[in-house]
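First, one chain by itself: the form predicted on its own, in C-alpha cells.
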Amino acid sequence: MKRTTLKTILLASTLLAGGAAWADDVTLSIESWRNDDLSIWQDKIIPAFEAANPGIKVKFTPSAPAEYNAVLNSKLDAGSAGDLITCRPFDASLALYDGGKLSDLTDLDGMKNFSDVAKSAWSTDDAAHTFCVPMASVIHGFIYNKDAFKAIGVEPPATVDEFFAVLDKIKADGTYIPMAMGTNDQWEAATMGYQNIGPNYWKGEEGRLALIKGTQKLTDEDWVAPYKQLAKWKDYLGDGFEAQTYPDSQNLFTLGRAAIYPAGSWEISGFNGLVDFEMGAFPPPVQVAGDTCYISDHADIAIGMNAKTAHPEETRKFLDWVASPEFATLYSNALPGFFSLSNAEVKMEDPLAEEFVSWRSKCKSTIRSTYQILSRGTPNLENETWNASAAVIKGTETPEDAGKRLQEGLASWYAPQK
C-alpha cells in the first residue's frame, strides 16, 4: 500500500513538474515588413536567442513590405498584433508611440549600447523617450570596379578635386561609363547624390540639427554647395541618363559597363552575386585634404514592444538581447550592408561591408537631413529634394534656384524656418 502511494505521489509530481514547465513556455511573435529576412530569422537569429533563453519561443511573422503599415495598424487596433513590432524610422513609428501602441523603452538596459544619433530615428522630438531598439543602418558612399580602376591607372579619390580628376580619366579612356546613376526615378539623385555628398558640406549633425532649429536655411552655402557638385555629375553619367531607371543603373555597374556606382550599402548582398570583378568602396570625398569627413549612416530598422503584449517581461528580455553585441554580429553578417547601430565592435565577414563600416572610425556619422521632422508638412521636403536633385543634375534648375524653392516650401509650413 505504501509502495503504491509512493508511486502515485511520484507520478503526480512528475506531471505537475511537466505542467509547470509547459506553463512557463512563452511564445513571442514578431511583426515585420522584411519578409526577405524570414530564413535568416528562422535559421540563425531565433535559434541563437532560444538557446540562451529556454522557456521563451519566438516566431517571425512578416507582412508584405507595401502592406506592412496598414496591416500592422489594423492588428494593433484589433489587439491581435505580435509582441514585438519592427519599427520603420521616424514618423511612422513615432505616431505609433504617440498613439500608445509602442512602449517606452528608454530605461531598457541595452539602450546604453547606442548613441543619440543611432536612437534619433526612434526617439521623441525632444529625445527624452526612446521606443524602439535600433537594429541596423545603411551607409552611403561609392562602390567601384577595382579592375577598371587598375586598368585605367586611378586610385580611390579622397578629395573632391581628386574625384573629378578620376572621373575625367575614366571618361577620357572611353572603356567605361564613369558613373552609373540616372535621374528617371528621382530618389537616387537625392539619396545616392545629395544625401551622400551633402554631409561633408553641412557638417553632418551640426547642419542637420541647425536646419531643424531654424538657425540654418536651405539657401545657405553649405546646403547649396552639394547641388553645385551634383550639377557637374551630368557629364559623367553616360548617354540617356535622364531616362535611366534605378535597375538600369544597377545593371550598368554589375555588367561591368560603369566604373563607379554612387551607392548605399544595401546593394552589397545583391551585387555580390552578380559581378565577376572585384569591388571596392570609398567614402564621399572631402573638399580639402585633412577636412573632417562625414558619412550618411542612416538609421533603417529597429524593433519595439507592443504596449499591449501579454508578455512584457519576456519581450523586454528579447529586446535586451537585440541590443547585445551577439545580435549585432549575427545580424550584420547575415545581411551584409545592414550595419548594427550598436557601439559594440562588430567584425564583418564580407570585405566590402567591412570597408563601408570602417568609415565609422574615420568619419562622423549623421542621418539623412530630410527624415526627422522636416518632411511632415506640405510640400514634403524629402520628395521635393528628390525632384530638386534630379533637376539640378539634368541642368533644368540651378543649384541656387533649387535651394530657394526648397527653402520657400519648408518655410511655408515649418515655423522655425518662417
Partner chain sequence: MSRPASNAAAKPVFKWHILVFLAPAVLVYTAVMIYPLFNTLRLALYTTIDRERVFAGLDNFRTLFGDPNWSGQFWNALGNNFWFFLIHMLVQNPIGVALAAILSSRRLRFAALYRSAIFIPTILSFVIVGFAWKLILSPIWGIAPGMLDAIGLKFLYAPWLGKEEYALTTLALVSVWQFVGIPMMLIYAALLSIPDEILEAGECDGITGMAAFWKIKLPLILPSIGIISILTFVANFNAFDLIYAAQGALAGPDFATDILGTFLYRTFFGFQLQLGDPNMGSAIASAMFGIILIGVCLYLFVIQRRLRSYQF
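Not measured: the values here are computed from a predicted model. Positions refer to the first chain, counted from 1. C-alpha atoms forming the largest set that superposes within 1.5 Å between two forms make up the rigid core.
Not pictured, yet referred to below: the form predicted together with its partner chain.
K.L.:
Using the partner position in the predicted complex, report whether Asp239 sits within 4.5 Å of its partner chain, counting heavy atoms only.
P.N.:
Yes, Asp239 sits close enough to its partner chain in the predicted complex that at least one of its heavy atoms falls within 4.5 Å.
K.L.:
Looking in the predicted complex, any heavy atom of Ala289 within 4.5 Å of its partner chain?
P.N.:
Ala289: no, not in contact with its partner chain in the predicted complex.
K.L.:
In the predicted complex, does Trp187 have a heavy atom within 4.5 Å of its partner chain?
P.N.:
Close contact exists here: in the predicted complex, Trp187 approaches its partner chain to within 4.5 Å, heavy atoms only.
K.L.:
Applying a 4.5 Å heavy atom distance criterion, does Leu209 contact its partner chain in the predicted complex?
P.N.:
No, no contact at 4.5 Å.
K.L.:
State yes only if every one of Leu255, Thr378 and Trp386 has a non-hydrogen atom within 4.5 Å of its partner chain in the predicted complex; otherwise state no.
P.N.:
The answer is yes: all three residues contact the partner (heavy atom, 4.5 Å cut-off).
K.L.:
Could you work out which of Glu205, Glu314, Asp248, Glu267 is the residue within 4.5 angstroms of its partner chain in the predicted complex, going by heavy atoms?
P.N.:
Comparing distances to its partner chain in the predicted complex, the residue within 4.5 Å is Asp248.
K.L.:
What is the one choice in Gly99, Gly214, Pro325, Gly280 with a heavy atom within 4.5 Å of its partner chain in the predicted complex?
P.N.:
The residue in contact is Gly99.
K.L.:
Of 225-233, 123-131, 166-174, 255-263, which is the one stretch near its partner chain in the predicted complex, taking non-hydrogen atoms within 4.5 angstroms as near?
P.N.:
Flagged stretch: 255-263.
K.L.:
Any residue of 388-414 with a heavy atom within 4.5 Å of its partner chain in the predicted complex counts; write them all down in order.
P.N.:
Going through 388-414 in order - heavy atoms within 4.5 Å of its partner chain in the predicted complex - the hits are Lys394, Thr396.
K.L.:
Comparing between the shown form and the other one on the rigid core: C-alpha of Ala78 shifted by 2 Å or more?
P.N.:
Passes the 2 Å threshold, so yes.
K.L.:
Look at Lys308 and decide if its Cα position differs by 2 Å or more between the shown form and the other one after superposing on the rigid core.
P.N.:
Yes, shifts by 2 Å or more.
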